[in-house]
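What follows is a single chain, given as structure tokens, in the form predicted alone.
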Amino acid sequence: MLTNLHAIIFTNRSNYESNLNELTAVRSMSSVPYGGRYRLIDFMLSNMTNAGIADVGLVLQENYQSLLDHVESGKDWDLARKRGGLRLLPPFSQKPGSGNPRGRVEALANLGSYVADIKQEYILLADGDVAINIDLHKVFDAHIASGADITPVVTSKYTGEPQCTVYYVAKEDGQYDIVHGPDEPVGQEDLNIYIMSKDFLLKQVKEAATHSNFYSMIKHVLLPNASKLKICPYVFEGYASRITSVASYFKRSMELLEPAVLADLFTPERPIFSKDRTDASTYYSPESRVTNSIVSDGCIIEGVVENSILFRNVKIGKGCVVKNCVLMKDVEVGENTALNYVIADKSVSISANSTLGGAESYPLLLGKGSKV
């Protein structure tokens, strides 16, 4: 139980959201549906729960209503408590006229005395849109053992996202060079998960509160002080998924159809929790055929589904052929329709006798509630 660790999750990464088009038009990145029955926020919240972290702050920005509807009081992650638990930190806590914060440090500075009032001695900062199943006990133990000022979680496996631009390169003296925005990936890639002391973070927050040009953990804390701070990266060797565009959303979703990825992300000893829902079992007609796909509860399948991910209550009509698709909750596909490389957001209705398709590198995205 990490009772001396307080977690803060940031729910937006605005620099990437413009690349996700309709997927983030009505929701934050952290509440984007993923994997058939989850939202991206479920993974980080579950990591906190599995580590026994009892206090979690959720820093909201814009388009947060969908996220609030999903997490509610935090009860599905055992964070609905009379003392501590999940605390929602909404955008109206910011300084008047400040607009959306430009970085994590500024976001915390805009929340008044929040950091100063934290009771725990150590703080974990993380983004809510990284799909990862990580043992935070090991990260915390490594931080304490090293005596580091800050412990970033990194991966030695390049995640393939060109916009993930921070890398750590070990030097002979045991220090690390921090490389920002290289043309080619070098060293160990930053996953935007950090452990530090409350005193260390409070110092950065106070700096941001008094200087308008001090707002980013990367640009204004780590990069200028790489030679002064003791930075000891924790190397995570498991699967970690970043999403920075529609193409990467599709690619990361399709990776879930690989048994090794699925086993790594959904390990029994550290379950991934989500909003509790009870749906009827999926119905498969005698004429249906489903191969290499993830199919959630409540679906009605009367056609062919291959290499696809179907969320709850998706309806596939007779004579349909659905290949290489991600169909979110309540999507309806009319009879005799062919879909290939399509992402359909919630409540999309596709008429009968249609043919829709994109490409693996450029899937067709249908916005929430659209009718085609």
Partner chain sequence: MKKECVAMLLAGGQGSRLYALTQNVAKPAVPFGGKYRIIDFPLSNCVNSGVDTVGVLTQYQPLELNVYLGNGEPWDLDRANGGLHSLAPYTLAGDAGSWYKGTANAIYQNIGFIDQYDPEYVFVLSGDNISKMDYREMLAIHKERNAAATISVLTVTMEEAKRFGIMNVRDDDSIYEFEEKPAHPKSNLASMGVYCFTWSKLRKYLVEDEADPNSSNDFGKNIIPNMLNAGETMMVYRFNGYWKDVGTINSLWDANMDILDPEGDLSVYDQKWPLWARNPIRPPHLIQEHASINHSFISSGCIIDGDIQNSIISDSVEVGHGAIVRYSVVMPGAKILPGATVEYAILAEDVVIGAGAHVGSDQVYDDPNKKVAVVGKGVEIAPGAEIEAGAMLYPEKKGGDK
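Residue numbers count along the first chain shown, from 1. Everything numeric here is computed off the predicted structure, so don't read it as measured data.
What comes next is about the form predicted together with the partner chain, which does not appear here.
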Original post:
Hey, with the partner chain in the model of the complex, do 257, 286 and 295 all fall inside the 4.5 Å heavy atom range?
Top reply: yes
Subject >> Location of the partner chain contact in the model of the complex, chosen stretch of 169 to 177, 112 to 120, 233 to 241, 276 to 284 [non-hydrogen atom, 4.5 Å] >> reply: 276 to 284
**OP:** Please run the contact check for residue 36 against the partner chain in the model of the complex: heavy atoms, 4.5 angstroms, yes or no?
**Re:** yes
Original post:
Taking heavy atoms only, is residue 75 within 4.5 angstroms of the partner chain in the model of the complex?
Top reply: yes
**OP:** Although the partner chain is absent from this view, report whether residue 299 comes within 4.5 Å of it in the model of the complex, heavy atoms only.
**Re:** yes
Subject >> Contact label in the model of the complex: residue 266 to the partner chain, heavy atom within 4.5 Å >> reply: yes
Subject >> Answer option from 227, 291, 213, 100, heavy atom within 4.5 Å of the partner chain in the model of the complex >> reply: 291
Original post:
What is the one choice in 272, 88, 202, 218 with a heavy atom within 4.5 Å of the partner chain in the model of the complex?
Top reply: 272
